[in-house]
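Here we start with a single chain on its own, the form predicted alone, put down as structure tokens.
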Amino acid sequence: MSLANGAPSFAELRTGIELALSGFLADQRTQLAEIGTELDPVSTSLTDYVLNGGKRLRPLFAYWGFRGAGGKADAAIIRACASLELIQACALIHDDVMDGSDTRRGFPAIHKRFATLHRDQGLSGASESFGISAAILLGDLALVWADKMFHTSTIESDALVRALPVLDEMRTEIMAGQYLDVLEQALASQSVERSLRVARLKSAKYTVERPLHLGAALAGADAPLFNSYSRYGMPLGEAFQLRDDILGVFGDPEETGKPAGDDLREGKRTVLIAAALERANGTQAAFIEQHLGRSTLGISDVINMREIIMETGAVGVVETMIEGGLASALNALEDSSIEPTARERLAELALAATRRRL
């Protein structure tokens, strides 16, 4: 089956995306090697980070956003959509530094990986500082490479010009959302609405809505289709992040690639935590506030925190929000002028994204 204009499965599309990414990253490895062999750990680490794991949701949404607008896909479109994974790599690498996360997708986070390299090579200075500095630079490099992969995808120049404003908006929203996330933790926010605002910017828009807009722009879609994609993408993106909030507390480390209860150790002011605090009694709220954000949080405290969150009914509240967002997204598809095959695939993606079965 052609990846271009048939009805490829998600697995087939992911294979095409992986091939585009691996080819691009191999070229970048060559360029860094020409600068100096000292950069070998940089290219190796970024290649491993990008290719080992990830559901490729953003490229999938961009691809079906393009197809939904009647676009005829080819290898250049696959490559352009795949470049979004490098923006995702930048966001995750920097996110792990800000959160002090030890792992990502079951492997050491980039800053931990380079701290270990520093110690193993007996370099001078502090290993942790070296690791953080390296991770900041690698995240920046991933963002530069995202631009480069997109610009060199060989898409037509008119499509490139149409798409660039969407990429600009996406990157601005990501950084704004990241800052607001840091700020909410510093403010010790207990507001569901404020936490949801962060989720919209940090995840919802750049996971679903903006990739769809990118695909639509590449295809030269008109304004009504962009609006249809927003009506589908925003509630779905919120539901996706809310599912992530639940997994950050209750998820299986074998599936999430992070230690049990890692969001609790990091002090994430998610919608789940805000909903729990709104509904908690004095004793429950005091326990949450005392333990939330404690890096030494043990498994027994994680279990106690989970029990309290369940007792407040917060999980049920968030699950209801997820189902509501999914329903809104699916309803938006019924009213749209999206090409029929793409509409079917977007409905499947909505279910997969909110139930993590992709």
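Fair warning: this is a prediction, and the values are worked out from it, not measured in the lab. Throughout, we count residues from 1 along the sequence that is shown.
We do not show the form predicted in complex with a further copy of the same chain, though everything after this point is about it.
- Message: Within 4.5 Å, heavy atoms only, one stretch in 250-258, 270-278, 211-219, 148-156 touches a further copy of the same chain in the model of the complex. Which?
- Response: Among the listed stretches, the partner-contacting one is 148-156.
- Could you tell me if Phe240 has a non-hydrogen atom within 4.5 Å of a further copy of the same chain in the model of the complex? Because no heavy atom of Phe240 falls inside 4.5 Å of a further copy of the same chain in the model of the complex, the answer is no.
- Query: Should Ile299 be classed as touching a further copy of the same chain in the model of the complex when contacts are defined as heavy atoms within 4.5 Å?
  - Reply: No, Ile299 is distant from the partner.
- Using a 4.5 Å heavy atom cut-off, state whether Asp244 contacts a further copy of the same chain in the model of the complex. Although a further copy of the same chain is absent here, Asp244 would stay clear of it in the model of the complex, with no heavy atoms inside 4.5 Å.
- Query: Counting only non-hydrogen atoms and a 4.5 angstroms cut-off, does Leu39 reach a further copy of the same chain in the model of the complex?
  - Reply: Although a further copy of the same chain is absent here, Leu39 would touch it in the model of the complex, with heavy atoms inside 4.5 Å.
- Please pick, from Gln31, Gln290, Thr44, Asn52, the one residue with any non-hydrogen atom lying within 4.5 angstroms of a further copy of the same chain in the model of the complex. Only one option qualifies, and that one is Gln31.
- Query: Any chance all of Asp140, Leu164 and Gln185 sit within 4.5 Å of a further copy of the same chain in the model of the complex, going by non-hydrogen atoms?
  - Reply: Per the other structure, all of Asp140, Leu164 and Gln185 touch a further copy of the same chain.
- Message: With the partner left out here, which residues of 323-339 have a non-hydrogen atom within 4.5 Å of a further copy of the same chain in the model of the complex?
- Response: Contacting residues: none.
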